[in-house]
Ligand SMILES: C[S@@+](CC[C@H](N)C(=O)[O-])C[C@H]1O[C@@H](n2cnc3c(N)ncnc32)[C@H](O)[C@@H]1O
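This document starts with one chain, in the form predicted on its own, laid out as structure tokens.
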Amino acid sequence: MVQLDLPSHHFEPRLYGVGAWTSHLHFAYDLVAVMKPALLVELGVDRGESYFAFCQAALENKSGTRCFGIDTWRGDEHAGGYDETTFAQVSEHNRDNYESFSTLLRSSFDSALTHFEKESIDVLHLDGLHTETAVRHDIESWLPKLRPGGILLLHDVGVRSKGFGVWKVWAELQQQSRSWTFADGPGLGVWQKPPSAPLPGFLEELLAPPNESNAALARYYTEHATAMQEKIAQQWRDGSIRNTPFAQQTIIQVFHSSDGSHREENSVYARIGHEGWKDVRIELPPNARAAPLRIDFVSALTTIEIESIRVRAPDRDYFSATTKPDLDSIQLRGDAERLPDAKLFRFKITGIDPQLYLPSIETELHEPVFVEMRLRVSAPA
């Protein structure tokens, strides 16, 4: 039976709750602490939730790992677009904590290939654009850089909506070598590049055929994932979410609808920092309808001031709210409280689900449609 006295038993993540990797942070920590890879490369860093778990493990366990995080820090069709705040904050965190062994490469994945020798990488984490075409391309390009017996991590293997195709590629990889799939969150695939070679500690147990040991490991990580989510929920309840890294940026999520219902798969994102006024432009998918549009703000108990909202095509405005009467046509629902203001649409976020509803709009299906906003987010004191 596997011993569950793992390095992550006393792990306290410095960075969490800022992405879709929260469920797997304890596994990331154990992977580096036990395997002690000489070279770890992550493709798709974004806000650094997974990458800095690897780095924290390398530092605290003196693994001697050299880490590289590669991203354009421009966003993509799945993560949404975002401003320079993300790269600035990731760079600062890296510089303050891990600069001696961690390098951030602001580059496309293809351009970064020349930085690494064939079969030089011990752990490769792929978390870029999640379409099937993009994932296949990244696997074909980067797998030669992973050493035989090395570990590939593939994120979002459980997501089958919004054009994600990781699951298709993952199903094929599983037929080629031994692997493990974590079902928590959006799913994480752990795959060893053939030919298989013995791995240290719990990793050998994890990649063995299904047995009591890897079932116990799965339960261990699920318990930690649940505890992390409860910790975040408690921080929302007691207001301490204001003091976490999550509070440094705001996600704007636009839901489009043809029938008045709003579903996660019918939404697009942008993300902004909290310094000064921001001009945000979000393109809706082809054939998206606005009956009506709903705009959510994933933001830690902030105050939001909106100067204008427009829904427009290249040659026309479908909806324009630039004056107080126009702004007052927008409905505020959910976890938000309207604040008085003579000119702006101003409100305070009071929980996890504030919502704005625009009036229903008839749009032409053949032309691109954009939601444009000018707004300012005041971070909690």
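Predicted model only: the values in this text are computed from it and were never measured. In this text, residue numbers run from 1 along the sequence as written.
We do not show the form predicted together with this ligand, though everything after this point is about it.
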Looking at this ligand in the model of the complex, do all three of Asp30, Gln56 and Glu60 come within 4.5 Å of it through at least one heavy atom?
no
Report the stretch among 349 to 357, 334 to 342, 319 to 327, 65 to 73 that approaches this ligand in the model of the complex to within 4.5 Å, counting heavy atoms only.
65 to 73
Give a yes or no for His125: in the model of the complex, does one of its heavy atoms lie within 4.5 Å of a heavy atom belonging to this ligand?
yes
Check Phe109 for me: does it contact this ligand in the model of the complex (non-hydrogen atoms, 4.5 angstroms)?
yes
Leu40, heavy atom within 4.5 angstroms of this ligand in the model of the complex
no
Is Tyr82 a contact residue for this ligand in the model of the complex, using a 4.5 Å heavy atom cut-off?
yes
Can you pick out, from Leu129, Ile306, Ala247, Ile139, the residue that has a heavy atom within 4.5 Å of this ligand in the model of the complex?
Leu129
Enumerate the residues of 29 to 46 that have a non-hydrogen atom within 4.5 Å of this ligand in the model of the complex, in sequence order, or give none.
Glu42, Gly44, Val45, Asp46
